[in-house]
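For reference, the chain that follows is the form predicted on its own, supplied as structure tokens.
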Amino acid sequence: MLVIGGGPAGLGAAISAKENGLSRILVVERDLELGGILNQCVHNGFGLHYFGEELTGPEYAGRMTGRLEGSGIEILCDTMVLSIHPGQDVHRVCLMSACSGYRCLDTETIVLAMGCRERTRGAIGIPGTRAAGILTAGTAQRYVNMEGYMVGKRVIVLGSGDIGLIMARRMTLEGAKVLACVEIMPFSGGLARNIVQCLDDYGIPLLLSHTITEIGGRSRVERVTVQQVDASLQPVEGTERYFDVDTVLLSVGLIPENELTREAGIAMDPRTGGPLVFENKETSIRGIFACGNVLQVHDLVDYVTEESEEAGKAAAAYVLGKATAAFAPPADRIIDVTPGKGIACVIPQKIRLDRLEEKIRFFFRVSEPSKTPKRVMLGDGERVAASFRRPWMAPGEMEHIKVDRSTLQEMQGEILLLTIED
């Protein structure tokens, strides 16, 4: 098995595959060390669900890499995967590294765990000068937490994603003045706990339904213009506010890194930006699995680990079953899981009824916040497979439900619709 990515998803998949009987596993990581984004997340809040205690990002990464010791899992760091060429029996993966140069490896199964990247100023097109001092929140986080550089003294944050919220607090703790966090939507894109702990606790205002419409400055950012937006997200004339800042941090969305996935011809889901997967995280190409932020952007690394363990287990079963000729008959019935009213996206998008385990977990995000109790319904249009009450929901919070296999097998038709009802 070859795992692309040595972050929490890749490590979880590799460890799980090993524990489920696979002997030859290689993890390929483009950075110099394992751990991925966890290495720069020095704040706490990781591991509450998975380890049952509160850890920092490096501590969480240390727990995962510690489990590799003595496992026999091979690691290749500072190595970039250039392409994937799917085959009938084996898949070919081409790599490049400074020490070994260009080479290709054949593998029976691949786990995609490349994570995600941040949207930049160019992706959202903010007008103004191209002055220094405009960074994504994740880049600033790496500079401050890993490289030891302070990136600014008077800061404004655009977007209220979790990284932006956490960096607003981090910059404050480092001595900077954070003037505001500006969010174009009428609701925050971050976790509720981060809004409280990172903004409210430090008196940083959150300006909802506002955006930055101009960045000014010569060699360095000097001033930004912030305007209110209307229901169609267009700036409202006469609402201009000016902030004298030297730094703009962008937290305007994460994009799953799926260039390799698309080039390999794997079917994609435009809602999540990741590949379409079956109930065991297998993609549309047999033997290639996906997990972590390359599949869907997660709130909590704990869920990344759980998801990657499912992918690693399934990948091991694929290889071992193939070896004994016990794996393979085509699924007798495939059902599409479709987001309906109030649902932005759902994972998995397809389930094979004859391959379900005792319970299956569906992850989803709602399309708009609901502050009153709502009911999550999963059904085929005539019958309800599952119904769950939620006191409140927000797009920034990933939700999940578990459904019994026996219930799903009773469903009729080829579509399961997930909806939010009053």
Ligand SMILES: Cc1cc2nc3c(=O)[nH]c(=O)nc-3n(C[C@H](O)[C@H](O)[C@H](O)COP(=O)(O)OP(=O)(O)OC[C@H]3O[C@@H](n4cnc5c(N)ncnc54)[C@H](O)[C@@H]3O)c2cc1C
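All values derive from a computational prediction rather than experimental measurement. Residues carry their position along the shown sequence, with the first being 1.
What comes next is about the form predicted in complex with the ligand, which is not displayed.
> Identify, from the list T272, T211, Q141, S188, the residue with a heavy atom within 4.5 Å of the ligand in the predicted complex.
Contact residue from the list: Q141.
> From the list P348, G152, G115, P339, which entry has a heavy atom within 4.5 Å of the ligand in the predicted complex?
Result of the distance check: G115.
> Is there a heavy atom of A344 lying 4.5 Å or less from a heavy atom of the ligand in the predicted complex?
Flag for A344 set to no.
> Check whether A13 has any heavy atom within 4.5 Å of a heavy atom of the ligand in the predicted complex, and answer yes or no.
Close contact is absent here: in the predicted complex, A13 is far from the ligand, nothing within 4.5 Å, heavy atoms only.
> Is E310 part of the interface with the ligand in the predicted complex - any heavy atom within 4.5 Å?
Contact with the ligand, no.
> Please determine whether A314 contacts the ligand in the predicted complex, using a 4.5 Å cut-off between heavy atoms.
No, A314 is distant from the partner.
> Would all three of G161, C198 and Q227 be in contact with the ligand in the predicted complex, where contact means some heavy atom lies within 4.5 Å?
Not a single residue of the candidate spot has a heavy atom within 4.5 Å of the ligand in the predicted complex.
> Determine which one of 264-272, 153-161, 234-242, 106-114 lies within 4.5 Å of the ligand in the predicted complex, judging by heavy atom distances; exactly one does.
Single hit among the candidates: 106-114.
> So which residues in 8-28, when you check the ligand in the predicted complex, have a heavy atom no farther than 4.5 Å from it?
The stretch 8-28, when checked against the ligand in the predicted complex, contributes P8, A9, G10, V28 at the 4.5 Å heavy-atom cut-off.
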